[in-house]
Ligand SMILES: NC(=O)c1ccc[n+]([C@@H]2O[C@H](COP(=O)([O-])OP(=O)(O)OC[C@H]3O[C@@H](n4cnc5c(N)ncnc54)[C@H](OP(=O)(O)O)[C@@H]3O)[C@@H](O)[C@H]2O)c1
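A lone chain, given as structure tokens: the form predicted alone.
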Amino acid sequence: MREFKDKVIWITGASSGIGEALAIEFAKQEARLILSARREDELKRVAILTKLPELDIMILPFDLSDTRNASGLAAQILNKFGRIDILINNGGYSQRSEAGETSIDIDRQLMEVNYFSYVALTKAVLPYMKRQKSGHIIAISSIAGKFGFYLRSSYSAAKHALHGFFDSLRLETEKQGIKTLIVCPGKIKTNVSLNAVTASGAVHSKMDESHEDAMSAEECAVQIISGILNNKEEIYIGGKEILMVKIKRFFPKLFGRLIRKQSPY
């Protein structure tokens, strides 16, 4: 496949997990990539793995907790590549703490990184995509964006918010040639639980047992790319846990019984 040949694709959270896997898959199709995350050394590692020539890759490190310069970041990309075809809002982190024990500051941080950064970066690229009369915006949500779960209150709230924003954005921009995809992964084998924050803001540093035998980030990336190619509006990726989305919709009482039996980890 070479459907993404020479397409300019900006990936946040590109230093590990799904973002890293997406970068490698797109590189196989000779896309031109912008890799963003906090850790520049890890972005350089991923850049080497893509095997792309220097002309076709850009490392753009920044912290999603501060996207006040989002327009400046987008301008840097335009200076190098002249356009932005796809924005993949993938960066963020999860939570492992009860709502009543989590400080409001941690709640705000989770919302800033997992919701407001997506909004800021999207607004930064929109003017260019409108000028091009084309573009594709991807928001990596979660099945936690479809229903709440133990120890995920603010993380789930942020993911729910993504659906409201990006569903609205799709309606407002599709006539201008801009497409929007919301991706809802279930359990994917990444470092998401290791990097989750506790009530105090400390790092959880434990791998959830439910993620040990989960779908690989590589398979998840392949399915995301398929969703982009097929112009999907919302997709669910994972194992049997994604069935809970349908169960909640059509059998809410059964959902209530099943969700209470699940382990938070």
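Quick caveat, the model's predicted, so the values are computed rather than measured. Residue positions are given as counts along the sequence shown, with the first one as 1.
Although not depicted, the form predicted together with this ligand is the subject of the following passage.
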Contact residue in the predicted bound form, from 168, 132, 195, 71 (heavy atom within 4.5 Å of this ligand): 195
The listed residue (97, 154, 90, 122) that reaches within 4.5 Å of this ligand in the predicted bound form by any heavy atom is 90
Note: this ligand not shown here; in the predicted bound form, the stretch from 71-79, 111-119, 97-105, 124-132 having heavy atoms within 4.5 Å of it is 111-119
Answer yes if any heavy atom of residue 39 is within 4.5 Å of a heavy atom of this ligand in the predicted bound form; otherwise answer no. yes
Can any non-hydrogen atom of residue 204 be found within 4.5 angstroms of this ligand in the predicted bound form? no
With the partner left out of view, is residue 18 within 4.5 angstroms of this ligand in the predicted bound form by any non-hydrogen atom? yes
Taking 4.5 angstroms as the cut-off for heavy atoms, does residue 236 touch this ligand in the predicted bound form? no
Which residues in 140-166 have a heavy atom within 4.5 Å of this ligand in the predicted bound form? 140, 141, 142, 155, 159
